[in-house]
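Let's start with one chain on its own, the form predicted alone, as structure tokens.
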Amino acid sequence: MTAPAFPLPDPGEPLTGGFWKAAARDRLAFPLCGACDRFCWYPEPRCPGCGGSGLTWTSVEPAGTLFSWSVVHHAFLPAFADQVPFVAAVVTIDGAPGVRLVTRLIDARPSDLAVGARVRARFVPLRFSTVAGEVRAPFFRPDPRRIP
């Protein structure tokens, strides 16, 4: 049995499409519950806080704080073989309380990273040599304007 082809994110997917549609316009957006004002990330059909269904994709400032990271040296899927090493990171998003976004860190040496470092999104094409096409994605890099 062979694994299915590695897919790019689908901007038409009902739960996550709003994230990718916003990224295509160089914006960072997350679902916000209209009933309790809670950001719901990872997206779900209903708010995990109050059960409300009135979730609206809301743009936020594309800035945050480095929560954690790891340098990936081994390609866990063939699509990543030509991209290692890279820094996988978890970023807390300033304008979306409670949101921790798994992303990639760019333009930084791992030896220079520190928990609490200020980071800012840079929207770049997400491509894989094994997949046709691309989507824009928010990768993060150190924010030279803000020092931890």
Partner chain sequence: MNRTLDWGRAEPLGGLAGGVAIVGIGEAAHSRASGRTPTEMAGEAAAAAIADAGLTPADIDGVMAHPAFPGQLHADAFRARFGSTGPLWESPLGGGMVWAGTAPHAAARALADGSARHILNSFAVAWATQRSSMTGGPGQSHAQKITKRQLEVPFGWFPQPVYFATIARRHMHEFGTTVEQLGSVAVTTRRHANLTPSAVMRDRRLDLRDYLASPPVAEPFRKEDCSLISDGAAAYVMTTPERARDLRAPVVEVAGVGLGTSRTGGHWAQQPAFTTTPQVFAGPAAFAMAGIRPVDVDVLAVYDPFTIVTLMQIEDLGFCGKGEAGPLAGSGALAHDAGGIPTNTHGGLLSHSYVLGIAHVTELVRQLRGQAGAQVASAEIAVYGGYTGPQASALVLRRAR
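Since this is a predicted model, take the numbers as computed values, not measurements. Residue numbers count along the first chain shown, from 1.
Just so you know, the form predicted together with the partner chain exists too; it's not on screen, but the next bit is about it.
Contact check for S59: no non-hydrogen atom falls within 4.5 Å of the partner chain in the model of the complex. A residue is said to contact a partner when one of its heavy atoms sits within 4.5 Å of a partner heavy atom; V131 fails this definition for the partner chain in the model of the complex, lying far away. In the model of the complex, none of the heavy atoms of F123 sits within 4.5 Å of a heavy atom of the partner chain. Contact annotation: P43 falls within 4.5 Å of the partner chain in the model of the complex, judged by heavy atom distances. Residues R100, V102, T103, R104, V115 of 100-123 are found to place at least one heavy atom within 4.5 Å of the partner chain in the model of the complex.
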